[in-house]
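Only one chain is given next, in structure tokens, and it is the form predicted alone.
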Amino acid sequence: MEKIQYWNPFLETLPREKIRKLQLRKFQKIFRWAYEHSVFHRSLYDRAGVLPKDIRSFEDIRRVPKVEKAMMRDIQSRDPFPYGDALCVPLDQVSVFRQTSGTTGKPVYQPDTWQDWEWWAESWAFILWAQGYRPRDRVFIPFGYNIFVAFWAGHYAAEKIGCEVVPGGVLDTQARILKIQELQATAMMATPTYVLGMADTARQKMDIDPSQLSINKITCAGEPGASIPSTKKRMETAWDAKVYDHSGATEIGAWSYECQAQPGGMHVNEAFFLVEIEDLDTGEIIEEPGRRGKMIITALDRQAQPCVRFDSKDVIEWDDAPCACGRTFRLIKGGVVGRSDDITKVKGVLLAPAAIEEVVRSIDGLGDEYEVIVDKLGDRDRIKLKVELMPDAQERSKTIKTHLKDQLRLKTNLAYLTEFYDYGRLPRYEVKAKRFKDLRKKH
């Protein structure tokens, strides 16, 4: 293994007890900062009867009230415009505006100071270095640069570690593929949906085999696909490249990443974030591996609009094994497996949409695109799966459908009404795909 395998060797190999001391000290600091500079946070903590002097241990941290996205939307209706009273700095210190994608409701605005934005880039530098990005890389970023944070910070981090960056910006998919080919780009960042979509466009519309292009590593975000083995395999096969997962959010930051060891999970950047896992039913904080819960997270260094015990709704679990890469940051097993508000009961069975993706993407002859629709037939739940059949698999459709139903029953304990569509019929997505639709909620 290469000599310089860590971006920050000191922090990434810090003994566990020292990591915990660092996290506690940083939490005390950001909690005090939020209490003293944010009207919203001071009011929230005063009502709960928790003051900065009360935070002496991790048990004390658990008494601090959680913040949810709905609160942030409400805050935006107050002064100072447009961020509201969670803002901890004067408006003239805000240098960067971003907002959430709005896939779960009204977008949340995110202000950052220049210091915060440098922190974003540093967080991403940990990610990219761990995934093998080096100054010799030419990184192509095929996303529409706009008000969503997406890969903005990834762009700046790539520059920070010395890579050459090619912004794909307003180019369409075919033009992006041609630019990758022309410049012999070695790395790329995109959502799993778009990684597969680009490969499909290259093969079907351009007669280009993406595996023969120069891309050798791909960083994914925005969806759990890169931590789903069958989806990761499809991407890696299509591009003949290593595919790495990462997880972040506009309100939080870039908090976790997969390393080159590909341990079947992602490291939490514990030098910059405190992650707690809360039992979905009891609210108990889970310390041991093997139990899933939702993530409560604190960004320990972000100042303009602090993220203190934010209820992310992401469902994760701790892994019990250390990583072969030598990092002492804890791993979350299998990455983010879904969101607590997407995990739902169907016919009395708990269903995580990621389990359906794992089945669909593992079956030869099925396309990358699919849709899941849950509704009611009378008083009974019904779950329908729409999936594309590849042109060369038409003669095997009956066998494939039987295999699909068997695997869905085995992996999710549910029976599905399956519908095959001709290749190209289902919607395509460039950013976050919305493939799971629970129509029961509308009624």
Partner chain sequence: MNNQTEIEDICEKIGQMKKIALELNQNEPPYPFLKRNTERILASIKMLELNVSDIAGSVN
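Please read all numbers here as calculations on a predicted model, not as lab measurements. Numbering follows the first chain given and starts at 1.
Form predicted together with the partner chain: not shown, discussed below.
A residue is said to contact a partner when one of its heavy atoms sits within 4.5 Å of a partner heavy atom; Arg425 fails this definition for the partner chain in the model of the complex, lying far away. With a 4.5 Å cutoff on heavy atoms, Glu118 counts as touching the partner chain in the model of the complex. In the model of the complex, at least one heavy atom of Lys29 sits within 4.5 Å of a heavy atom of the partner chain.
Taking non-hydrogen atoms only, Asp301 approaches the partner chain to within 4.5 angstroms in the model of the complex.
Remark: of stretches 109-117, 355-363, 306-314, 161-169, the one touching the partner chain in the model of the complex is 109-117 (heavy atom within 4.5 Å). In the model of the complex, every residue of the candidate spot (Asn8, Lys18 and Phe126) has a heavy atom lying within 4.5 Å of the partner chain.
Phe272 is the sole member of Tyr244, Tyr194, Phe143, Phe272 with a non-hydrogen atom within 4.5 Å of the partner chain in the model of the complex. Listed residues Glu371, Glu122, Glu276, Glu236 were compared with the partner chain in the model of the complex; Glu122 is the one with a heavy atom within 4.5 Å.
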